[in-house]
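Next up: just one chain, as structure tokens, the form predicted alone.
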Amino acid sequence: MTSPGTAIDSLNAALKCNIIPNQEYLLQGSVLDQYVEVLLHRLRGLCDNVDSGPESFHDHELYFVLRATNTGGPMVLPLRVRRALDVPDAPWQLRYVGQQELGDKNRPTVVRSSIDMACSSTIVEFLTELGCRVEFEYIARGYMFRKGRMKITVSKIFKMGNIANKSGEGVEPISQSYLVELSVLAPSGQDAIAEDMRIFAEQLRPLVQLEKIDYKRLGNLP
């Protein structure tokens, strides 16, 4: 009997077989507060979880950055840490999101590298010890829908007020609108899903216009 392979061997095999969902396909938009109930009603009719309704979430996210300098110049590694405020016992989530691929400008969605993993609450202390610094943090509260492989979130984003307020209550919204995101995590090379997302996004117009967002042009990220 052959001995079981190591975790690294298993990971390498999975990478070669292209079964790891390491690419995110993404469209984003927003809807004003007064129209969000209409959008939620539309999504209930279009998505899979019709009987049970959408899944609610109430999360706290921190955006870490590790800055370093190498021979090629400055390097910036962004990492996101998210925890569920409404499910305190749930694992925390560590996420790396890369820059969007340049590729074909006619591609219907943003495509970027994305790696997610579960972790414990000590991840904040661990990243701080590595030299990562918190650039910003916020509270996201809203609903999540599913349509096949597609995930649709409708989120209200709040500023972090009193850091000691662990429940996330009494925080101030950053705008009078909700962030709407349509995304799919898939192995690399499955660009056909982008066309499915475009077709689904068309069904949400004119309530919300989901688009490719070029963050470099916005100039808000390092």
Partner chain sequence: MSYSVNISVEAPIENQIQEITYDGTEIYQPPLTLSESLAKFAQKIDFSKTGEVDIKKESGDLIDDNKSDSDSKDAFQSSLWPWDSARNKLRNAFQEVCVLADVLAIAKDKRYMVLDPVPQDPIETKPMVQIYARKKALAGAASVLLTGAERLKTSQNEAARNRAVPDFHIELLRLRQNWRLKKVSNTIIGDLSYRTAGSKFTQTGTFEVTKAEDDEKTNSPPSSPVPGGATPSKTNSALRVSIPSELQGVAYIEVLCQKDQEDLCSVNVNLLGSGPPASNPDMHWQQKLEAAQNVLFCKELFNQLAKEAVQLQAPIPHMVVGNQIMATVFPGIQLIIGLCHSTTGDKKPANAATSKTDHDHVLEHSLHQLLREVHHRNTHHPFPHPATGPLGPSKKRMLAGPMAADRYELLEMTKSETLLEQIIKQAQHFFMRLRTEYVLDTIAKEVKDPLISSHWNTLNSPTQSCVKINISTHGYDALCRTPLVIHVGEKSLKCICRDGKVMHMSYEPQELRDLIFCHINQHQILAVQALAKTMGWQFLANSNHLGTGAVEPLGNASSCLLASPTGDRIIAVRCEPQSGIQVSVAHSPRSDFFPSRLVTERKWEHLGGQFRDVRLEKMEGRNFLHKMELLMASLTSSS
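What you are looking at is a predicted structure, and each value in this text was computed from that prediction instead of being measured. Numbering follows the first chain given and starts at 1.
Beyond what is shown, the protein has a form predicted in complex with the partner chain; the following relates to that form.
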ask   = Looking at 172-180, 29-37, 54-62, 189-197, which one sits within 4.5 Å of the partner chain in the predicted complex if you count heavy atoms only?
value = 54-62
query = Looking at the partner chain in the predicted complex, do all three of 201, 205 and 212 come within 4.5 Å of it through at least one heavy atom?
reply = no
message = Does any part of residue 110 reach within 4.5 Å of the partner chain in the predicted complex? Heavy atoms only, please.
response = no
ask   = Is there a heavy atom of residue 185 lying 4.5 Å or less from a heavy atom of the partner chain in the predicted complex?
value = yes
request  = Report whether the minimum heavy atom distance between residue 100 and the partner chain in the predicted complex is within 4.5 Å.
outcome  = no
Residue 87 within 4.5 Å of the partner chain in the predicted complex, heavy atoms = yes
ask   = Across 113-140, which residues bring a heavy atom to within 4.5 Å of the partner chain in the predicted complex?
value = 116, 118, 119, 120
